[in-house]
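Take a look at this one chain, the form predicted on its own, written out in structure tokens.
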Amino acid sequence: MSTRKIPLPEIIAFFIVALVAILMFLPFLLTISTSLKTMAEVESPEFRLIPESFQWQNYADAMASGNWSRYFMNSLLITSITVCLSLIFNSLAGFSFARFTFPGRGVLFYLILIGLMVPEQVTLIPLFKMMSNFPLFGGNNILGQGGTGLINSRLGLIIPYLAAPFGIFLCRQFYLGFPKAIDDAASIDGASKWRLYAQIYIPSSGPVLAALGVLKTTHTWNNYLWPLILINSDEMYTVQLGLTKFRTAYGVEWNLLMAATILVVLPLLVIFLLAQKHFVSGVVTSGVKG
């Protein structure tokens, strides 16, 4: 029975990948280790990866430090609505740019791509003004005056992220790979563009929608800066704002902070593991099409 001789480059590549995987997993391992220690052990000058005694009570204490059921509910609701609606809007825009021909299509698409080059921090102040002047909400009149608009509201956290240049670009690249014959056949059969989108393109969009969904879920769930600016009441806190509860005037309760961080990260890990196959497929296929 013959055995294949493994080439040296493959061996080197394996060890490099293994080393990178270990380096990337190490911070997560340290987070778990810290979450199971006492504060005295965390602040001890002698480092121990494995705690002297596992403090599982830290997780219960962390969840008792604030209204975490409300924080998780807010984040779950905001993330779910944002992701579902953004998948619809981004796929519609990507489908239009890929399969429609209209005046100014190229210029408009390049203008959207410019949005990829603008840092999010640059748009925070204009975005805050837009949310505070949102008409007919928060006591505002039709002109957006007299109240607070969407400040300190879930809608204010959802609306700005319903569409994004990257999502439109990703869907457009994916739809460019569909044969033109599909559109011609549907047109001959009398199918409208809406029917073509809903019955042919969307059922075939599993990979790109899974990839975009995972990226959008991660971004929305982990978003800290925008909720920090927009939200001013504990009742509207997201999980990321809830993590600030462990920073006090006397320091940071690192063991409780790490315990809460582990619980906050778990939903994202589950979602990624469930969508991993489609996520990788969607990123690869969207990236190789012109």
Partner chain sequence: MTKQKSKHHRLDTTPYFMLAPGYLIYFIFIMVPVFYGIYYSFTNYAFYGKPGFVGFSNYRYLLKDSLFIKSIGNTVVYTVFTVIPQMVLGLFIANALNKSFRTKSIWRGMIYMPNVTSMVAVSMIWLWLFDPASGFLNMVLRSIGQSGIDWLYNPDTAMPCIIVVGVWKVVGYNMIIYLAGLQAVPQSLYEVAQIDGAGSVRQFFSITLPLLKPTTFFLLVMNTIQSFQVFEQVSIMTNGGPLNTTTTIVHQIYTRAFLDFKMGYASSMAVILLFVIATATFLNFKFGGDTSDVD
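Here the rigid core means the biggest group of C-alpha atoms that line up within 1.5 Å when the two forms are laid on top of each other. Residue numbers count along the first chain shown, from 1. Since we're looking at a predicted model, the values are computed, not measured.
A second form of this protein, the form predicted in complex with the partner chain, is not displayed here; the remarks below concern that form.
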**Study point:** Contact label in the model of the complex: residue 182 to the partner chain, heavy atom within 4.5 Å
**Key:** no
Point to revise | residue 117, heavy atom within 4.5 angstroms of the partner chain in the model of the complex | key: yes
Point to revise | 4.5 Å heavy atom contact, residue 56 to the partner chain in the model of the complex | key: no
Review point. Can any non-hydrogen atom of residue 72 be found within 4.5 angstroms of the partner chain in the model of the complex?
Key: no
Exercise for review: For the stretch 14-32, return the residues whose heavy atoms include at least one within 4.5 Å of the partner chain in the model of the complex, in the order they occur.
Suggested key: 14, 16, 17, 18, 20, 21, 22, 23, 24, 25, 26, 27, 28, 30, 31
Practice item. Establish whether a shift of 2 Å or more occurs at the C-alpha of residue 266 between this form and the one not shown, with the two forms superposed on the rigid core. Key: no
